[in-house]
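Only one chain is included here, represented as structure tokens and corresponding to the form predicted on its own.
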């Protein structure tokens, strides 16, 4: 208590020596006021920061790469052959095994059903833009050691380590190709069904992608199923894990569900018409 009394006495003594608060001795805090006036600069402010004459000073918004009459940057150097067709190359946005596991743990993806592009887009966290040459998703090996889900998934590209991680847990992975129109349908199925147009057939992959999707090592959807079974065993021996028997699994029917090479949606055949308003499916008549 004595210590507190001494402190309060010192504070009161200090206040008695300080001048009274008056308008004359009030000052703003340092750097609290900024000068809004612009400096004269080179032209005294009359150019408004746009330079001296020319199209740069006027609101003539120049196209990308135009340098007001100079030789453009992209034309100063010789053509490189490895840039040929770069603007037409197919893009595959990545989704990691860690992201996939998080989507499963947060119940954004149901593992009791096969997973494809439509499932990933409907999660609300992944987007696919076919107009920007995005032809599907590639599954990457980030979070490889923490992936524990047993799934039946279809992606467009996957490495050997990713395939081993999925099959080690008793799952099935498949790589398949979709043409741009099919990708638009999978990215937003409701928008397509509202058009009232029958479901078209999926197109076959282009010539430069046939080798990838017919290779059983890549689990291509056009590969021989018997060759895929052999490659599953070879990969299990290479990575040193025991391959689970899908035949004895309780989810055997889900794990073996596949699409026809011409099919876009699970359970919906090409030529069927989906009526969202009446919640009906109009099937085509077989001749």
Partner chain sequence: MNLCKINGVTRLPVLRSCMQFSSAANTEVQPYEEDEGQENTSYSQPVDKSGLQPQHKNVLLGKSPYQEAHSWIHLTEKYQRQAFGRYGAKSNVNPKICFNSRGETAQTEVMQLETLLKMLEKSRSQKAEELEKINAREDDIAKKMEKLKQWKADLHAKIAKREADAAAAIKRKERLVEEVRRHFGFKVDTRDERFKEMLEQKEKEDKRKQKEAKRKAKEEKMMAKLVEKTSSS
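Positions refer to the first chain, counted from 1. Bear in mind that the values here come from a model prediction, so they are computed numbers and not experimental data.
There is another form of this protein, the form predicted in complex with the partner chain, and it is not shown here; the text below is about that form.
Engineer: Is residue 205 close enough to the partner chain in the model of the complex to count, meaning some heavy atom within 4.5 Å?
Structural biologist: It does: once the partner chain is placed as it appears in the model of the complex, residue 205 has a heavy atom within 4.5 Å of it.
Engineer: Quick check on residue 271: any heavy atom within 4.5 Å of the partner chain in the model of the complex?
Structural biologist: Yes - in the model of the complex, heavy atoms of residue 271 and the partner chain come within 4.5 Å of each other.
Engineer: So in the model of the complex, does residue 89 come within 4.5 Å of the partner chain, heavy atom to heavy atom?
Structural biologist: Residue-level check for residue 89: no, no contact with the partner chain.
Engineer: Residue-level contact is defined here as any heavy atom of the residue lying within 4.5 Å of the partner chain in the model of the complex; does residue 262 satisfy this criterion?
Structural biologist: Yes - in the model of the complex, heavy atoms of residue 262 and the partner chain come within 4.5 Å of each other.
Engineer: Which among 113-121, 191-199, 136-144, 77-85 is in contact with the partner chain in the model of the complex, heavy atoms within 4.5 angstroms?
Structural biologist: Heavy-atom contact with the partner occurs in 191-199.
Engineer: Please tell me which of 11, 18, 23, 277 lies within 4.5 Å of the partner chain in the model of the complex, judged by heavy atoms.
Structural biologist: Spelling it out, the residue with a heavy atom inside the cut-off is 277.
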